[in-house]
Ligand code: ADP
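Only one chain is included here, represented as structure tokens and corresponding to the form predicted alone.
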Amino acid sequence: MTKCKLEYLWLDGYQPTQSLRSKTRIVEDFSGNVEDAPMWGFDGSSTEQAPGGSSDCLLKPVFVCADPDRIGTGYLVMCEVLNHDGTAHVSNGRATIDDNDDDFWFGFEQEYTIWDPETNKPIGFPAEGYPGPQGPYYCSVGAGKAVGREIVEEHLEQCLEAGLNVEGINAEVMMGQWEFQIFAKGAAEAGDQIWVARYLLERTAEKYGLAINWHCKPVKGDWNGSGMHANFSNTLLRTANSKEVFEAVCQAFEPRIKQHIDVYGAENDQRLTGLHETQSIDKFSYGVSDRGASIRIPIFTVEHNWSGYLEDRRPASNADPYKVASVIIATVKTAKVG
């Protein structure tokens, strides 16, 4: 018998931004298949998910991948949180996704800031004052510009070893700010993979005595915020061959600003100001290749005879990808096409 370590991951009930929790279960001869990962439970009263007098919550495995720190005997198990009666917990955003046939594809661009707990600033920032203004840090190379590369590269290797569909990394506009991208054919799996990648990033930073700051505006002033741009498509968009279809889908978003902003991340008003490549939080716009719009129509889509995907640029770095995907799918389905 081979002892295997299953690291169960789930989202707690903290508001306005949920956190990841995890604990390890030892099992024998695990197959690596999600259907063979047993249901488990936890004390919901310690995670803002249940009262102390009735604290049992359930963990339902939904996604399994290799644990790169426990190769051969370890697995990461992403879970949904259920109430003790088996119904979806109110904190369970994954259960709200209406994409049973995986028709919707999502690519999330996850930005984040590597944070120094000692200075309470991004790594690379001096203890007093600020570094030079933005400009040289985006996709940079060299000391004093690309700061934290060793953490970012290690995280990339961890994601690849886990089998996640990570598609790239790059340094972002603010010093100490980086991005990774993950794509999946299926909204729920895209969310699963983003959450597992976030977990691996936090765990990697632990080794260096550093933290990951997911806040959408970690440094006030003339600095870019952090987003989680959502690139999305369904069969309609991928095969449209029609500018009118894309305009109809974009127009479906305009009357639903509140529904989207409500789940696009806490304190997103600090980021969506109309500056730093954003549209104002209370406005809606779309345009071809427009990074100051709410929704960007990529040049790829136009050059492929108006068939392809859209990018919603409003989700913040601290948003729940499950909830982001859920509301985008619901809105696209309201579009009046044809």
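Start at 1 with the first residue shown and count on from there. Note that the structure is predicted; figures quoted are calculated from it, not measured.
There is also a form predicted together with the ligand; it is not shown, and the following applies to it.
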Is E206 part of the interface with the ligand in the model of the complex - any heavy atom within 4.5 Å? no
Heavy atom of G107 within 4.5 Å of the ligand in the model of the complex = yes
Worksheet item: How about F183: is it within 4.5 Å of the ligand in the model of the complex, going by heavy atoms?
Response: yes
*asked:* Although the partner isn't part of this model, could you tell me whether R291 comes within 4.5 Å of the ligand in the model of the complex, counting any heavy atom of the residue?
replied: yes
Only hit among N224, N231, N268, N92 for heavy atom within 4.5 Å of the ligand in the model of the complex is N231
With the partner omitted here, the residue among E179, E80, E189, D116 that in the model of the complex has a heavy atom within 4.5 Å of the ligand is E179
The stretch from 22-30, 291-299, 59-67, 44-52 that lies within 4.5 Å of the ligand in the model of the complex, judged by heavy atoms, is 291-299
